[in-house]
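Presented below, as structure tokens, is a lone chain in the form predicted on its own.
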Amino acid sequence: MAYPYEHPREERMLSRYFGEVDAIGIDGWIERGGYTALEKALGTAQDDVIQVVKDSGLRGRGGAGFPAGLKWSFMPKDGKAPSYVACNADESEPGTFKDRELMRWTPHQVIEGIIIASYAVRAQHAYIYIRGEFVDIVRVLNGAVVEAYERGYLGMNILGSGYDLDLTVHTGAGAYIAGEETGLLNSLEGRRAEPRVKPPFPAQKGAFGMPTTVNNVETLASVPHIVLNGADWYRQWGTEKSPGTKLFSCCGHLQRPGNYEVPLDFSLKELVYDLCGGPPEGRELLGVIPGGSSVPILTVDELDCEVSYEGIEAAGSFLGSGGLIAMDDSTCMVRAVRRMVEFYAHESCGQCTPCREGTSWLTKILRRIERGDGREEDIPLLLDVGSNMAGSTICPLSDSAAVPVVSSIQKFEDEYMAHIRDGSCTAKR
């Protein structure tokens, strides 16, 4: 079965086997070359594995874009204390649905990446922290882990290398904040998923007080390909600062929504119009959120840029998780932003005052404006509240709530003023 929305301009490195049911099990994965990279890695010095990932330029695909190999290099090498790897499979950013597909169709691709990463950083135990709502995928992962143990890819003396590793699938309870790496670690330890003050960073003091590397699912799934084929091979795609391919979860007002894997020098405009088919027939595109709801909105006139980290940043937004949300002219921007902020208000852990109070305050003001009871002074008030929320908390959730408010006012203020002055909405029905 071919995966829906396949397009000839994609570079399907990670998503090549999406939709192929027989690729889910270990036999099918081995037939497709699975675990060959692990065999190669186990015959390579651990520091050399870190170096090839460093040289590849692979950046974290969870949102921050921090270089993966550099992150690995922060882990201690003396072996004096237990150390861990945690695969962040919480995938809670609105508009993002790539990681669950990687785990659904190619669980062994993810597991192989985790084992290689664990070997490289000298970890003795690895965890896949996954959202509890992904019930069907949890079953798939648990089955794949059992298969990997049975075939000698996990457990004691993996493939006769002398390296031991255990892997546990840990289900979370569905908190957005558990997607932040230190919130994830707290949850993994059985505590509230409240982010920690950094430093110390996880590589110094992570899970159970021990050195820990936390990587996103897509990041770890990329590792076997890099180890097997080399850094230069990986750099054939993308840009100098943003090498490789990236999965984009494209949703909203599009004719062909879905997951698309493209090189990071691909055009955002082509992704929206050529691969995704643009907005529904008879509609005009209003704007696009390129990296999940926590990044600034781009207007239709700002889409002529590369999808690289630096390309989207130059256009005025961020690549984030690659959760692309398209909004056409039927969208009430005030309502859309209000719903985003309500989500963040609901998901705030309440630990930091600017986030706990700010998200609630923004929500109340946006509700007032949406129902036609707003005041003109609400616009500078929203901007003021947003500016006081940004950069003033332990984790970025407060910023995530403020960003869509500020960017929507900057680019769609007329919509706000229509609600305030006329009690009307500019959205086309």
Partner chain sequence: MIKRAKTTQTITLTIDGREVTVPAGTTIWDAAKELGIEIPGLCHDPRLRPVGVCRMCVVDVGERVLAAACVREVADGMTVQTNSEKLERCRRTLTELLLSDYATESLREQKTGDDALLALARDYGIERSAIELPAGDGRPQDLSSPVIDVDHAACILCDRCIRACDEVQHNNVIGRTGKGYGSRVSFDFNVPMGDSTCVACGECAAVCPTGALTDKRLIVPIQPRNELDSVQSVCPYCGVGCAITYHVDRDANAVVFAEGRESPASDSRLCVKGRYGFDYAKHPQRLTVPLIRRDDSYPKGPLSSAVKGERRKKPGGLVDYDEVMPAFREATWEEALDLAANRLKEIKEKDGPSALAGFGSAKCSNEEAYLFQKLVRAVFGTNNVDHCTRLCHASSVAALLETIGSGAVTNVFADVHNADVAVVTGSNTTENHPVAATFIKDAAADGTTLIVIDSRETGIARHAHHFLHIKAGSDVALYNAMMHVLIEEDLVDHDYMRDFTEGFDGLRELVKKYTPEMAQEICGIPADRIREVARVFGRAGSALVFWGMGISQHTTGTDNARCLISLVLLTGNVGRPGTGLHPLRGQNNVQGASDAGLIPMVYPDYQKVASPESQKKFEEAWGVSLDPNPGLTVVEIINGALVGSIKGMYMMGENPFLSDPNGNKVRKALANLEFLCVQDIFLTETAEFADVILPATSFFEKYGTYTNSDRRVQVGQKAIEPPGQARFDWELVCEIATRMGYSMSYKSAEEIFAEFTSLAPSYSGLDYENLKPAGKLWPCPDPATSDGVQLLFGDGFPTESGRGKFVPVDYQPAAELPDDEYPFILNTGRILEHWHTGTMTRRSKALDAIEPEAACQMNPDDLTELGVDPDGYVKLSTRRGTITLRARGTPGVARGNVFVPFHFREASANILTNDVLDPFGKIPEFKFCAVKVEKAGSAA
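The shown structure was predicted, so the numbers you read here are calculated from the model rather than taken from an experiment. Residue numbers count along the first chain shown, from 1.
What comes next is about the form predicted together with its partner chain, which is not displayed.
Put simply, of 48, 31, 384, 373 only one has a heavy atom within 4.5 Å of its partner chain in the predicted complex, and it is 384. When its partner chain is considered in the predicted complex, only one residue from 138, 333, 352, 167 comes within 4.5 Å through any heavy atom, namely 352. Comparing 37 to 45, 58 to 66, 22 to 30, 388 to 396 against its partner chain in the predicted complex, the single stretch with non-hydrogen atoms within 4.5 angstroms of it is 388 to 396. Taking the partner from elsewhere, no residue among 107, 316 and 319 has a non-hydrogen atom within 4.5 angstroms of its partner chain in the predicted complex. Although the partner is absent from this view, residue 146 stays clear of its partner chain in the predicted complex, with no non-hydrogen atom inside 4.5 angstroms.
At a distance threshold of 4.5 angstroms between non-hydrogen atoms, residue 368 is in contact with its partner chain in the predicted complex.
When its partner chain is considered in the predicted complex, residue 265 lies well away from it, no heavy atom lying within 4.5 Å. In the predicted complex, its partner chain sits within 4.5 Å of a heavy atom of residue 346. In sequence order, 174, 175 are the residues of 161 to 181 having a heavy atom within 4.5 Å of its partner chain in the predicted complex; the partner itself is omitted from this view.
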